[in-house]
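Before any questions on binding or motion, here is one chain by itself as structure tokens, the form predicted alone.
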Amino acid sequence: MTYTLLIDDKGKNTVTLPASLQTSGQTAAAFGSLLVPCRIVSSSALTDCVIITSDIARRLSIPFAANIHVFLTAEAVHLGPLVGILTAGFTKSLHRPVGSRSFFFAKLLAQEKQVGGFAFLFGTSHIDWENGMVNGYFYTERGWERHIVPLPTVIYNRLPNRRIENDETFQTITETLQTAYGIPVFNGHFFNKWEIYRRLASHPEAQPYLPTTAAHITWQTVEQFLARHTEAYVKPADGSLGRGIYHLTKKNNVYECRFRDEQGETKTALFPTAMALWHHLLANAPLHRYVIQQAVPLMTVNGRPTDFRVHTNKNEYGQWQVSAIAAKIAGRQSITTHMNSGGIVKTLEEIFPDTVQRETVLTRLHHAALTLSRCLDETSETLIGEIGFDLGVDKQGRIWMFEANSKPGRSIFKHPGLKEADERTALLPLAYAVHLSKTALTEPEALWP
């Protein structure tokens, strides 16, 4: 339940709660990492609002009145929560603080009105370590505003790329926020394809969805994969957007390699042996950071291979739900279904006009995505609240998982038929952040047993 937070200019040092919130001798109010002693009282005249005196609002650095959640611990009444969204690439413009990504983050932050609490955007350079405060970006009805607030209750990692994430300074800061300040961070890292495969391969429920995958590629590996599967993909374990992918085929004892060159054009090279093909790959790709994966003959739409982007999110109860599904149809002559390779996005209604067929595929994709989300969660040592899966359906109707992304792209949401899903995938991370905040404050042993 959310409450309307009202700020009273008349009283002093008091927080007044509805009588329905059963307090038990709390003597302080808290907002993010700040806690101030004060008088906590209840009023039967209040039902859905909380009143704090202006001096408390000022001492807690609450930026403005809003709809909030209230969490009770033994010593304090926690108002908020205060959710920090960590990113990078800030500009000097308050109108577009993160350039072209400002629109997406504005949409994300605007969801706080529905979810309740305070959400803001920040980078590591905005932290005042001496005072434990952050000069964050809030998106309000007036547009972007900056307010100095305490360190957040929970952090949602939305860093734009692996280069920044792997920076030593950034890693030290996020580690400090988690260990020294006890702030939970979810989706803290980009996924590595090999690590994800190894985790899921250890889980019996996930195994049926996994194409055969291997790391440490040698010419013998290439030969074995093509002897067994005829087709395979070689792709970077840390890659995204389909960059650096090679499609390998063995036809009539000839080894074929298809790939996109630097100009984005699809090229084909033929080789007499697997070793010759491997040498070609070795010359163009750092194979120690690549995986080789069985290619699956996918269902087609208008003769073109088609797979599915399935988003899953944890909701306000900390439970996984499917939040978006879209079909991705490969571009002409493209080796993947990525939009930057000419792929196009369609809704399931567009590619499955038959209701029975659509519901059958939809049910299978739902089941697979939720099973894989739970399996990844169970085998992960970090908190995950959002995943974007690339799933395929083969010609026999079997579901396969090709990739899982911890920071899924948003390109599918340009399709006008996915507007509701777009809003849902923006709302759910904040809903999960509220759940995570409550758990961290009231049941910390559930997060850190």
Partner chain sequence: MSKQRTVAVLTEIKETSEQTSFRSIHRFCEELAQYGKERGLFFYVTSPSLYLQRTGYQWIDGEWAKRDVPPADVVYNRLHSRQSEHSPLFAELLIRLAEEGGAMFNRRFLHKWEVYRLFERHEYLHPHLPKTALWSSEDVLESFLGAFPSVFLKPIHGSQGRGIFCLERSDGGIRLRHSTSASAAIYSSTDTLASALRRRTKLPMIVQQGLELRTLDGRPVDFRLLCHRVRNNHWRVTSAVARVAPPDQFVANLARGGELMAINAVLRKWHTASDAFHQKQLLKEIAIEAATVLAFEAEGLYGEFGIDLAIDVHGQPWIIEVNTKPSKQTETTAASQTVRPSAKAIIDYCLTLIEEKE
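Numbering follows the first chain given and starts at 1. Worth saying up front: this structure is predicted, and the values here are computed from it rather than measured.
Note that the form predicted together with the partner chain isn't included here; everything after this is about it.
By the criterion of a heavy atom within 4.5 Å, residue 400 is excluded from the residues contacting the partner chain in the predicted complex. Contact between residue 139 and the partner chain in the predicted complex is found at the 4.5 Å heavy atom cutoff. Of the heavy atoms in residue 163, none are within 4.5 Å of the partner chain in the predicted complex. By the criterion of a heavy atom within 4.5 Å, residue 360 is excluded from the residues contacting the partner chain in the predicted complex. Heavy atoms within 4.5 Å of the partner chain in the predicted complex are found in exactly one of 408 to 416, 34 to 42, 62 to 70, 47 to 55, that being 408 to 416. For a residue to qualify, one of its non-hydrogen atoms must sit within 4.5 Å of the partner chain in the predicted complex; none of 125, 404 and 431 qualifies. In summary, among the residues 289, 364, 96, 147, the only one with a non-hydrogen atom within 4.5 Å of the partner chain in the predicted complex is 96.
Contact with the partner chain in the predicted complex, judged by any heavy atom within 4.5 Å, is made by just one of 91, 315, 135, 176: 91. The partner is not shown here, but in the predicted complex the stretch 98 to 121 reaches within 4.5 angstroms of the partner chain through a heavy atom at 99, 100, 103, 106, 107, 110, 113.
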